[in-house]
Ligand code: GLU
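Next up: just one chain, as structure tokens, the form predicted alone.
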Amino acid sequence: MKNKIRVRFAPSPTGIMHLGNVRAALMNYLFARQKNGTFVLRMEDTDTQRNVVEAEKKIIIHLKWLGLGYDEGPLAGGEYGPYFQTERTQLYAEKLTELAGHNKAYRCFCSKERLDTMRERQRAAGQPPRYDRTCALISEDKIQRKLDAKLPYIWRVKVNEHQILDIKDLAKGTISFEMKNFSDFAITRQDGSFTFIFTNFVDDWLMEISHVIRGEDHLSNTALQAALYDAFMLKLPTFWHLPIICNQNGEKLSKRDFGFTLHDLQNAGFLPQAIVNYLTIIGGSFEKEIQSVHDFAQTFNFEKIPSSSSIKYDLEKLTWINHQWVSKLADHELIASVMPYVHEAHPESVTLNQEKLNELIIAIKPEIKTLVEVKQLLAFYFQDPRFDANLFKSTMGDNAEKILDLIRSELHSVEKPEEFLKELKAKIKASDLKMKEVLSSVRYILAETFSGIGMNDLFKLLEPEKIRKRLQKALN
């Protein structure tokens, strides 16, 4: 293997990208960029029964949306292609022939029924379920008779059960695998196709991958692939097994958890910058938490990586980070990003003067945590608020009637919003009421929220006629 940094993201196009996929792609990308290496995208599409139409295209689109550009792979090309496993079958066949030629793999003719029965007996006896090597002992003549009879078979790799294999992991250091704990494993299926264990190994070998960065759930696969590297007398790559992302209950994040898929977060209005930012810092400690992917490529410390096996997904933290990134957007970027949500929730906005619409969006910018919230945040302009007298009284307590009387006393000047607000503030100062509770009451009447958009913005954005009608309706 040449002395150069080459990493890969190798997703299976079997569904929508989830956060584990995204974090694996991200860490490979950051590592390659910091080390001046090559980031490869490879599609592991051999599981044709589970592949989803168009999923390959969506993976490429998602990587682009996240800002994780790859150097080699589909569309980009490269000297180590093809980058779809279904186009590399001949390479796998050649390596299998080589492995079998060195007597390190054998045909297994055992039926599924026999294997199931064997495992059940082993479990009943308190033994770990593993293959008993029946077919490894078959004579050449018997093998030929089974082949002549066209009996189905798979290929298994002979595991040296007396061997201990060591790998280097960036987070955990040296990990040792006692191969007595692993049985001879399958590298083909009965239909002749190759398993993930074998194709993944062959591709990493032939594509000269120097560092394999993937999830902790691949640790047992790594042991078997280490056995394959040993069988071919190859130098092992360095590994990094990323911790599993769990929910707040400590269970592996799943479809039941909101935000499990990238699709969830996109629809909820999370920015790609925020998602990448959050998945970079999750489970770690960073003096400066808000950074771009470009900045993290320079600052991420790959020499001191936490060795935990799992990390907890915190939607509240992600939302906070998203809020920071929303505030960083230029006004024109924010307007372009939220416009689809505005038009969806408020169809009448389509015909609204664009300058006015822009003004509305910019005014609520400080309140936007996720883009989808713009729907509710702008409802005050497009929908008449509902005044809930009981809620108002429970919120303002004994001062509720005093506050309404004070507001009512200034209704005569409401046609001039600036004058109304100025005189109202003067009367508040002269009363025993608090400025905050009176102004938040006016906000509630006009926008159905006690907090949020500033009063000056509210009076500037709402037409005097709207202000008058809403105040009169509530006060009456």
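One-based numbering along the sequence shown. These figures come from a predicted structure and were not determined experimentally.
We do not show the form predicted in complex with glutamic acid, though everything after this point is about it.
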query	finding
Triple contact flag Arg23, Pro272 and Asn277 to glutamic acid in the predicted bound form, non-hydrogen atom at 4.5 angstroms	no
Stretch from 157-165, 195-203, 280-288, 68-76 whose residues place a heavy atom within 4.5 Å of glutamic acid in the predicted bound form	195-203
Proximity to glutamic acid in the predicted bound form, single hit among Arg88, Arg119, His218, Lys312 (heavy atom within 4.5 Å)	His218
Candidate from Glu44, Glu448, Glu410, Glu56 lying within 4.5 Å of glutamic acid in the predicted bound form - any heavy atom	Glu44
Contact of Ala10 with glutamic acid in the predicted bound form (heavy atom, 4.5 Å)	yes
Contact label in the predicted bound form: Arg214 to glutamic acid, heavy atom within 4.5 Å	yes
